[in-house]
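The chain below stands alone and is given in structure tokens; this is the form predicted alone.
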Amino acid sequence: MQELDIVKPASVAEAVSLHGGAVGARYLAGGTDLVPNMRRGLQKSRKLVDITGIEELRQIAFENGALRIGAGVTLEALCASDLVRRHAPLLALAASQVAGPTHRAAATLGGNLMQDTRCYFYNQSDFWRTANEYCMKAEGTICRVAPSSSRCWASYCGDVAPAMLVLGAEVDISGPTGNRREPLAALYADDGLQHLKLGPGDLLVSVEVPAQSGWTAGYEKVRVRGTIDFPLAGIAVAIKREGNRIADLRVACTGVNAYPGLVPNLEAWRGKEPDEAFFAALEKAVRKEIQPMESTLTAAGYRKRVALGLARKLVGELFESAGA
């Protein structure tokens, strides 16, 4: 580990001020993603702003018809919250599938949403990377997954983000240039190297989820082991049903792009019955949205087939559940 200056602010404003947008400064919460990466030399830092003592970041409340969750809430607390299970049970479901129990006791909502992208050629020891040449994401100049590409193809593999996306979540961000609120989707970019649209010193403060009346939602993923592992592919779905027709539908993917993304243009299927033609069109839309690469130990084609199968399966099951 490199030598570090660690400061511990008592408020969001103080945290932003202490960070100051300085090169080499980073916010530290649970540290389950940042600390291992620092130990491996993947991420550099000279100053850590420890935000674990900021009470505002650890609050969960339901106000004015919306669920507000602080970015410092641990995944364990998210799973256990009566408010979350009552107003957005999908979030508790997705959070419960992150890593293992000891990880969830430390890992935070904000850290999970903003975790680093992952790749077989990146998430290795410095000894391994030295022996096998560096990649664009870690001191090299080319993407080892796609050597002719001008961008990085590391995958975003978070579980909570796709669930938040289908629930229509918005995020509150504080930074040196002021405060702002925006849709969660606006936080992400399609680039494994720069997958977060955050300015220097920006801090994710909270996430707000609107009331979910009428929606039925779920999340499923496939991973090598039943616990611990990141998703090779994951799908979140939120659906509204009216009679035998789909009133509204949202689908989001993870593990198959450099960002968690909503499948676009699904509003065209409002009022349609979920017949075979519908599911064929759904698979086509998901296939168009995702672009898995050889960034994990499993083939990209396998991850694509998994994503398509999960989307079909989950939409069908949730439609039936909504009818019940």
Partner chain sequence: MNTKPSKGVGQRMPLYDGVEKVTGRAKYTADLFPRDALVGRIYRSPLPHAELIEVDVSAARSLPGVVAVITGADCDIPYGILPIAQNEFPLARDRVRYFGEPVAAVAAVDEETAERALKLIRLHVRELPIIDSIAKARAPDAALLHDKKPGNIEREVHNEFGDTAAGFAAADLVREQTYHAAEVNHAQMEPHAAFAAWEPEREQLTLHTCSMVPYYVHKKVAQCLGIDTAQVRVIKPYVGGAFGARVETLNFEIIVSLLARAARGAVRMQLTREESMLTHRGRPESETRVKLGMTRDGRITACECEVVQRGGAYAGYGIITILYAGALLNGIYDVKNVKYDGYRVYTNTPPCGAMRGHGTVNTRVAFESLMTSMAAELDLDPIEVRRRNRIPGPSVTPNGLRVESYGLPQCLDKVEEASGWRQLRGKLPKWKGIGMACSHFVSGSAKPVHFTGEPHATIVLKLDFDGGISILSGAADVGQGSTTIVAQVVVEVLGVDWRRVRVITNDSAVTPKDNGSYSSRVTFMVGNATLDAAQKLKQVLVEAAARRLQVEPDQVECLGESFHVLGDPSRAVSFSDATAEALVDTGTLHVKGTFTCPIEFQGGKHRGGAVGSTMGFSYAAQVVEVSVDPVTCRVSVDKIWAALDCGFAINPLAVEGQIQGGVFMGMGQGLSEQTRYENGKMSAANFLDYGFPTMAETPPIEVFIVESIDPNGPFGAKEASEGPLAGFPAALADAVRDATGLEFHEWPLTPERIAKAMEAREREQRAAARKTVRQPATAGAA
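Residue numbers count along the first chain shown, from 1. Note that the structure is predicted; figures quoted are calculated from it, not measured.
Keep in mind that the form predicted together with the partner chain is missing from the display, and what follows is about it.
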> Using 4.5 Å between non-hydrogen atoms, is R270 touching the partner chain in the predicted complex?
Replying inline: no
>> My question is simply whether G199 lines the interface with the partner chain in the predicted complex - judged by any non-hydrogen atom within 4.5 Å.
In response: no
> Is there a heavy atom of S125 no more than 4.5 Å from a heavy atom of the partner chain in the predicted complex?
Replying inline: yes
> With a 4.5 Å heavy atom cut-off, would you call D229 a contact of the partner chain in the predicted complex?
Replying inline: yes
> Which one of K137, K240, R250, R223 is close to the partner chain in the predicted complex, taking close to mean a heavy atom within 4.5 Å?
Replying inline: R223
> Just one of R40, R287, R68, R26 has a heavy atom within 4.5 Å of the partner chain in the predicted complex. Which one?
Replying inline: R40
>> Partner absent here, but in the predicted complex, which of 117 to 125, 165 to 173, 152 to 160, 190 to 198 has residues with a heavy atom within 4.5 Å of the partner chain?
In response: 117 to 125
> What residues, if any, in 286 to 313 have a non-hydrogen atom within 4.5 angstroms of the partner chain in the predicted complex?
Replying inline: L297, T298, A299, Y302, R305, V306, G309, L310, K313
